[in-house]
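In the form predicted alone, a lone chain appears below as structure tokens.
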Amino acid sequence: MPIWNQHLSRRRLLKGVLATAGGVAVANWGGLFHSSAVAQDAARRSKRCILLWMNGGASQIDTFDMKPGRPTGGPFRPIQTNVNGIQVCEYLPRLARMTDKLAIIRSMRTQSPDHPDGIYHMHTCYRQSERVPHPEIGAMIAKFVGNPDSDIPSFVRIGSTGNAGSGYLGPRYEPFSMGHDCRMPYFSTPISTPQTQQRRGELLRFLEDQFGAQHRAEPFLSHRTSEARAQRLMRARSVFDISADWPRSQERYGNTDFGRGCFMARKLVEAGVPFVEVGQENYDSHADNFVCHRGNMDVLDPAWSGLLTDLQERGLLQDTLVVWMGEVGRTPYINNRAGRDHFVRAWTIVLAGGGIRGGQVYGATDQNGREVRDNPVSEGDLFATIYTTLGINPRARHYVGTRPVWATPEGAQAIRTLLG
């Protein structure tokens, strides 16, 4: 077949796959296959995102928005960072030396104070109560930035707890989940020779093609997509093996599960994975908040700073956005169990890399941290900022049936002062 004909055939195939992925969801790709759009899409493919998910919700007042001397301040002390005028908690000394890389948003004002709703909302920027099954940020980034021909998954989750999955984007963009220990799931280990696997795969595809020709339904497509992903993953499983490299890096990252997860995230984005989420647990500190956060920061500080240092040394930080957040913040007041409860009226999220302009604080809370004083930021604003940084149109439109659904809610605005 002539080269030009191969190209056209491939283009038709790719367009058809994108149009039918998920069965009921059709993306508004518009002019994707025009030459200028293809060039822009190719340029975007170098962008990556790592989400550091603080499960349960970290306390902003005990990390990046401290209130020393105030009734809400707590026992932790602030320390000066390498950026004049910005202070952080004393238990984040390594990050204090890298604050010139951080953009600290101290004015988050969100709407979902409970864990399931908050986890969904802060992974999708939409309320869980809506009837549309919205995709998580990882699925969106996998769709718009990922390489559909890669054997490596485009959305990897390490020890975290997203609850939306790929939503209306369909099974192609479901996350590949790993435990906190970064070990591959059991099904990724071959139990037969490559030749046997190939023959079995060919037979399975033949049978499913015959069956699918007469039985067209979304569950059948989902099953076939999952099977294909598993087969492709087995060819690329060596990318997930960090056993030889981790001993040399654990001093930088800290010899913890979260540190190992951050190191794995660096390895994966270097290998071309566009989105990796790494979870750290036990921030839901309704009791003993300060014991909880002290222990967590001892793990967080080396892992997060090690990740940023590693990305920078390898020339990856400029094109890799690192997001630090959870589903909620924590109350300024301290309850009768020395804890802080859920709080969404004024809390903090941190961005770094990926073209974000570091060394700055955006927004502010009042003197006790009870209300946003300047520049409130919504879920939609945050997601619009993240998508814009990665070269994704935050108002990209999809269709669920005949209903149009946008990547971010109407009125969401990217925070331009954060963009480099």
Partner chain sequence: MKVDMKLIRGLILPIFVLLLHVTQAPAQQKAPLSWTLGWDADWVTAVSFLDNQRIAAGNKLGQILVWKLSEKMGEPAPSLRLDGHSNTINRLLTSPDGLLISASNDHTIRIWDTGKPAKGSDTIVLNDSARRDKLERKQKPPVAVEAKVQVIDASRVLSGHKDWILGLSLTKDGKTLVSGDNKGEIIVWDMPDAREKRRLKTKGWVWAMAVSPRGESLLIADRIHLVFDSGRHAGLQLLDMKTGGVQRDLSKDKDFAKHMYAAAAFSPDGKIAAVARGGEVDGLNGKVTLLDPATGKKIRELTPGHLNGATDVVFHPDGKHLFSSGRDTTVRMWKVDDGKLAREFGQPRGGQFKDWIHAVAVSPDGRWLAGADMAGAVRIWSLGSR
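Positions refer to the first chain, counted from 1. Quantities reported herein were computed from a predicted structural model and do not represent experimental measurements.
The same protein also has a form predicted together with the partner chain, omitted here; what follows describes it.
Only one of 243, 195, 84, 336 comes within 4.5 Å of the partner chain in the predicted bound form through a heavy atom, and that residue is 336. Screening 301, 270, 281, 310 for any heavy atom within 4.5 Å of the partner chain in the predicted bound form leaves a single hit, 281. None of 128-136, 111-119, 72-80, 246-254 except one has non-hydrogen atoms within 4.5 angstroms of the partner chain in the predicted bound form; the exception is 72-80. Not displayed here, the partner chain is kept clear of residue 342 by more than 4.5 Å at the level of heavy atoms in the predicted bound form. In the predicted bound form, the partner chain lies within 4.5 Å of some heavy atom of residue 288. Although the partner is absent from this view, residue 370 contacts the partner chain in the predicted bound form, with a non-hydrogen atom inside 4.5 angstroms. Within this chain, residue 294 lines the site of the partner chain in the predicted bound form, having a heavy atom no more than 4.5 Å away. Residues 90, 91 are the ones in 88-105 with at least one heavy atom within 4.5 Å of the partner chain in the predicted bound form, listed in sequence order.
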